[in-house]
Every structure is written in structure tokens, then in C-alpha cells.
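There is one chain below, alone, in C-alpha cells, taken in the form predicted on its own.
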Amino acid sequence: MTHDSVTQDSVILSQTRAGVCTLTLNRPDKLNAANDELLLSLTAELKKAEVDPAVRVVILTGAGRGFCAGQDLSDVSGRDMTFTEHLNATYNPLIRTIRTLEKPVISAVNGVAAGAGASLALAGDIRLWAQSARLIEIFSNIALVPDSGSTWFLPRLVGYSRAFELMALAERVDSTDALKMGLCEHVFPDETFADEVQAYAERLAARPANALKLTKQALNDALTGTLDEALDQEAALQQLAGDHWEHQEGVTAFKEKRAPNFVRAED
């Protein structure tokens, strides 16, 4: 599938190529620190990508040398809004959108990911890091609690005690340690990072979209459910997968000893 389009506004760049929609946080002068405009625009772009038949995979990344430095404190200074109100209006809808999006989301961490930017980096289905990328749960440095999903994502990746240590001491994690800890799946050289991420995403885009949608749903449910609930959910979702044309294509390709084609023009 080849579909090229580029749209641009002040805070989010969107480009779709070969079934892959790349959404780039575009405040490079501030290391892509988040203001309300960026958060709301990113949520809107994700929802557009979800219903766009040309999009099979979404990449989240940052412009310049940072992924996302967290909240732009100047944007909320002096505002008549509580912390709870701000999170419920901006970050929480964004994180929920990523986790419920019916397409794979890749966090392509090209530089520093701090605070809520770390949460955003952790929220993807797949996390790919550049060699120079760094993650820091910086909240305790200003006596705040990790938010935007970090308290849910991080202990599931590295365990409770390591997550607490990273949060309590605001320790910076480099790409080598991130790979060892399981904070990312792959690390690529900075100079080839964008190309490596695109190539990886195109591999993912060639996989069976319906099956991946159902797999993401099953995994999300299993993270908070019992084994019995997971078994029941697997049985129900397996029927949906088995009734889809992708399954027949996979079986036919296996019998014909050829590679399956999971991409149709009408999808």
C-alpha cells in the first residue's frame, strides 16, 4: 500500500507513507514540552489516523533532539485549574486514546523523554529508541507524583521496586539500560533512526490488521484480568479473527507455500 500525504500545523506534523502515519511533536525549541494545544492536537490526529483506511500503523516521535520534555510549566503557570482538572482534560484522554487505538502505535523515542513525556514514551505498543534517547521520571524533583499512566506502565515493564526507585530518585535511563530493563524493544543508531523506524513500521503494517487489533484488545484486557477472563476473551476474539478474510488468506497462503497478502486495496 502506498499513500503519501503531509499535513502540518504549529505543534503536530502528520505524514502518511506506505500505510504508516508518523505524528511528530513539533516544538523542537522547547524539546517538545507539552502545552494544551499539542496534547489536544495529538489526540485529534490519533483519532483521525484510527479511521483513515490508508493508515495501518502509527508512529509517535519528536522533532529535533527531544522526544518530549514533559509539561511546559510556563503554559500552566498562574492558571485557574487544578492538577486533576488539567490531567483529565489533556493527558488522560491522550493516553486512553493511544491504548484503545485499534491500530499498533510505535513510540519512536528520538531524544529525551521526561515527566509526562516519559509516560508518552511508555504508552506505545512498541517502543523503539535512538541511541541518544534518555528517559527520566522527573516528577519527584518538583515534589509531584508520576502521572499520565507512568504508575501503570512502568512497574509492568520493570517491576514495582525498580519503578519506585526510578521515580523516587528521578534516575535518568539511557538507551543501553532501557534495552536491558525492557523499556524498549530495539535501539537504533541516531543517524539511521528515522529510516529504521519507518522500515520496522512498514513490516508491522504488512501484518494482518484485524488480528493485531484483536491482539491489542486481548492484551489490554489480560493486563487487568484473571486467567479465566483471559481464556474466555481469547475464545471470543479468536472467533472474530477466524471469521475474518485475513484468516482465510493466511491458511490459503500456507497451503500454496507463498507469503500471505494481508493488505487489500479496499482496507
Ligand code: LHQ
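Everything quoted here is computed from the prediction, not taken from an experiment. Residue positions are given as counts along the sequence shown, with the first one as 1.
The same protein also exists as the form predicted together with this ligand; that form is not shown, yet it is the one meant from here on.
query = Would G70 sit within 4.5 Å of this ligand in the model of the complex, counting heavy atoms only?
reply = Result yes; G70 sits at the interface with this ligand in the model of the complex.
request  = Considering only heavy atoms, tell me if L31 and this ligand come within 4.5 Å of each other in the model of the complex.
outcome  = Output for L31 is yes: heavy atoms within 4.5 Å of this ligand.
request  = Look up in the model of the complex whether G115 has a non-hydrogen atom within 4.5 angstroms of this ligand, and give yes or no.
outcome  = Result yes; G115 sits at the interface with this ligand in the model of the complex.
key: Contact label in the model of the complex: V173 to this ligand, heavy atom within 4.5 Å   = Taking the distances in the model of the complex, the answer for V173 is no, it never comes within 4.5 Å of this ligand.
task = Identify whether this ligand in the model of the complex is within 4.5 Å of every residue in the set R99, A108 and W152, based on non-hydrogen atoms.
result = The answer is no; none of R99, A108 and W152 reaches this ligand.
ask   = In terms of non-hydrogen atoms within 4.5 angstroms, which of the given stretches 120 to 128, 161 to 169, 79 to 87, 177 to 185 touches this ligand in the model of the complex?
value = One stretch meets the cut-off, namely 79 to 87.
query = Among the candidate residues V197, L94, A133, I138, which is the single one with a non-hydrogen atom no more than 4.5 Å from this ligand in the model of the complex?
reply = Exactly one residue meets the criterion: I138.
query = Which residues in 137 to 155 have a heavy atom within 4.5 Å of this ligand in the model of the complex?
reply = I138, F139, I142, L144, D147, in sequence order.
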